[in-house]
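We begin with a single chain expressed as structure tokens, specifically the form predicted alone.
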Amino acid sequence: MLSACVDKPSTLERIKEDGVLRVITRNSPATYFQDRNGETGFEYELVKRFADDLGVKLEIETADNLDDLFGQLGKPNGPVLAAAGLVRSEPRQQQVRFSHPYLEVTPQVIYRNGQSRPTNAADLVGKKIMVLKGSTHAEQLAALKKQNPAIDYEESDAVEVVDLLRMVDEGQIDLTLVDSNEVAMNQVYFPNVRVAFDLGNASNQSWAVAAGTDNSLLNEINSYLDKVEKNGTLQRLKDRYYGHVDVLGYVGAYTFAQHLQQRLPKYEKHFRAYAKEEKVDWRLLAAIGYQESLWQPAVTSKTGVRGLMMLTQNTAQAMGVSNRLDAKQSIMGGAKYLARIKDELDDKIAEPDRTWFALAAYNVGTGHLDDARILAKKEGLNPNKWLDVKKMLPRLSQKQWYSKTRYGYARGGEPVHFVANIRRYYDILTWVTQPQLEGNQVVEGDLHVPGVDKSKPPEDNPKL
């Protein structure tokens, strides 16, 4: 019996023998989701580097809720590690063992702008509050309720953090509790969301492994986390995901007018040439370039897409682009990519919807677009009409909907804004260029935009 115990391989040995690291996480923007770059998220990137360090393949599993996440951890042939933005707490330490910390966060009470701002725990009385079921925020509220029984709140396992922020933003609930990193990441998408106050002290997020006495994996994790802390990898990931607020696309008309005069002339010939080659409207291509980079060829986003047309590495290679920071190559790649997306769309999608669908896919990927079309069909809407599908795209950031889709969570509101902004820039470009450059002639590839009177300036046209 003793020799059998001695011979039994450790968790770390089993991982290396199998060649697979099985990890459980949450499908959310701060942890793990899929976008046009493929799999992404702060936790995903951190744990992917760990798997690479071990020389094994990463296998990701997403939990339906936090209780499920802890329940699955350590099951036979199941996940051996939970990387899901978990905060250490006394009840949780009875279930799992935690790694060294890697991210400091502060629990924050979130309220809606325009409502009275709570300033302390006593102000939570009489408010409609919702938090994630099984979260440390629920534990905090339970402790507060013991001190003040008048505090009432609801726990839900049918939502994620983005749902809670949206519900506050739309006034469906009064308050929620969210960690500071997730507030910073998502606040730009919810204009009415505000931080009321910090509830308690800062705490640390850690990875978790199953309870027990086998420390082989935990020791390896701690060694890895210490290493990425020292070599700057951890800080670079923090800066990329939490260090900036991406406001591209919210640029004012005055700034756009300046850029029309100062920046567009440098690249207009490339937009015209490659648009003609790919049979797309050059002004539409230019509008995409403005939305993506403000016509700046040397920019890099926090997710690693680069250049004037913000191409991913994979897309650039597929389109024959060797240098994403070369404006001419980037525009060529963007034109080819847009044309390819349009060509691969369902034949039932007609113009002008076909163009709007292609723009959405350029932003969020064809997989998520297909998910939204399926949701539209199930709702009795037309999956081939942009007006109908754009109503469904925001649902891809709501757990009750994305949990039923093939490709899972997406920032579904982004492609809706992306398309709307590009249509606006396209309208202005059409109005500015047509009288000056084309006179009364119809230009090859000219895209008719319904509802726009091109004899009027854009501010007199209805917003599309």
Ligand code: BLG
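Basically, rigid core = biggest C-alpha set you can superpose within 1.5 Å across the two forms. Numbering starts at 1 and runs along the sequence shown. The model shown is predicted, which means the values in this text are computed figures rather than measured ones.
The protein also exists as the form predicted together with the ligand; that form is not presented, and the subsequent description refers to it.
Shown without its partner, this chain lists 95, 233, 156, 303 as candidates; in the predicted complex, only 303 has a non-hydrogen atom within 4.5 angstroms of the ligand. 418 is the sole member of 42, 70, 402, 418 with a non-hydrogen atom lying within 4.5 angstroms of the ligand in the predicted complex. The ligand is not shown here, but in the predicted complex it comes within 4.5 Å of a heavy atom of residue 337. At a distance threshold of 4.5 angstroms between non-hydrogen atoms, residue 358 is out of contact with the ligand in the predicted complex. Heavy atoms of residue 423 never reach within 4.5 Å of the ligand in the predicted complex, leaving it off the interface.
Contact annotation: residue 312 falls within 4.5 Å of the ligand in the predicted complex, judged by heavy atom distances. Proximity to the ligand in the predicted complex holds for none of 115, 117 and 174, with the criterion being a heavy atom within 4.5 Å.
Contact with the ligand in the predicted complex, defined as any heavy atom within 4.5 Å, is confined among 117-125, 342-350, 199-207, 359-367 to 359-367. If you take 263-293 and check each residue for a heavy atom within 4.5 Å of the ligand in the predicted complex, you get just 292. After superposing the rigid core, the C-alpha of residue 337 moves by 2 Å or more between the shown form and the other one.
Residue 49 is not among the residues whose C-alpha shifts by 2 Å or more between the shown form and the other one once the rigid core is aligned; its shift stays under 2 Å. Here residue 70 does not count as shifted, since its C-alpha moves by less than 2 Å between the shown form and the other one after the core is aligned. Inter-residue distance, residue 287 to residue 29 (Cα): reduced by at least 3 Å in the predicted complex versus the depicted form.
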